[in-house]
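First, one chain by itself in structure tokens, the form predicted alone.
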Amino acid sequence: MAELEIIGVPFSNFVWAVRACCAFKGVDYTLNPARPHSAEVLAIHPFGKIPAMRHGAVRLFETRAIIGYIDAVFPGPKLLPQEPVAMAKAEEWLSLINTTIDQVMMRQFIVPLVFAKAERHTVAPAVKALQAQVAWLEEALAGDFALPMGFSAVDADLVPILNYIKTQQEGADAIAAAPKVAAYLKRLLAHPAMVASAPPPRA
């Protein structure tokens, strides 16, 4: 079988998610640490976003598509439940994380502060939205909306985001005020799949 290639910088939360899924299933892959909008990425993703994937003749972009392909093609434990209701719940979580939680926590909070070096006051609206999302996660983790598996694609998608917001005081405070979220993050960060795929500290 052709070798799987994951394309994207390791500190991307979505690249980390895909790599965690590979680690969980025991899938060998090569990481090509190409940056967004680089020639390697643009050859696959029309808008230059990461991750991208190459596997023989197969080319894919978008995290959910890549994770679904890896789960379907490679042996190992499943990343998504097979029972219809649990599967739908997992898809519900993935959609929410990718379209809403990532947009607030990463694109409006972490990226401006950490990568663009923005003034802290400029992310005040994102901080309020982040606090509301963490509070909602606290309720969701305790209720019927709880995650459907011990480790799944949902965990791989969510944990890097929570880990990154915890590096900033506002995010750390929000998580500290949500003990179920804090316990969830601590437990999942120690999972072998997350440890094996964790990006190196940025210089």
Ligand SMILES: N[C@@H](CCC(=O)N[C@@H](CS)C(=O)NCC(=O)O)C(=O)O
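From 1 onward, residues are counted along the sequence shown. Small disclaimer: the values here were computed from a predicted structure and weren't measured.
This protein has a second form, the form predicted in complex with the named molecule, left out of what is shown; the following refers to that one.
Per the 4.5 Å heavy atom criterion, the named molecule in the model of the complex is contacted by stretch 55-63, the sole one of 55-63, 132-140, 170-178, 25-33.
At a distance threshold of 4.5 angstroms between non-hydrogen atoms, Lys49 is in contact with the named molecule in the model of the complex. Contact between Tyr184 and the named molecule in the model of the complex is not found at the 4.5 Å heavy atom cutoff. In the model of the complex, no heavy atom of Arg120 sits within 4.5 Å of the named molecule.
Residue contact with the named molecule in the model of the complex: Lys128 places no heavy atom within 4.5 Å of it. Residues of 6-42 that come within 4.5 Å of the named molecule in the model of the complex, judged by any heavy atom, are Ser12, Asn13, Phe14, Pro36, His37 in sequence order.
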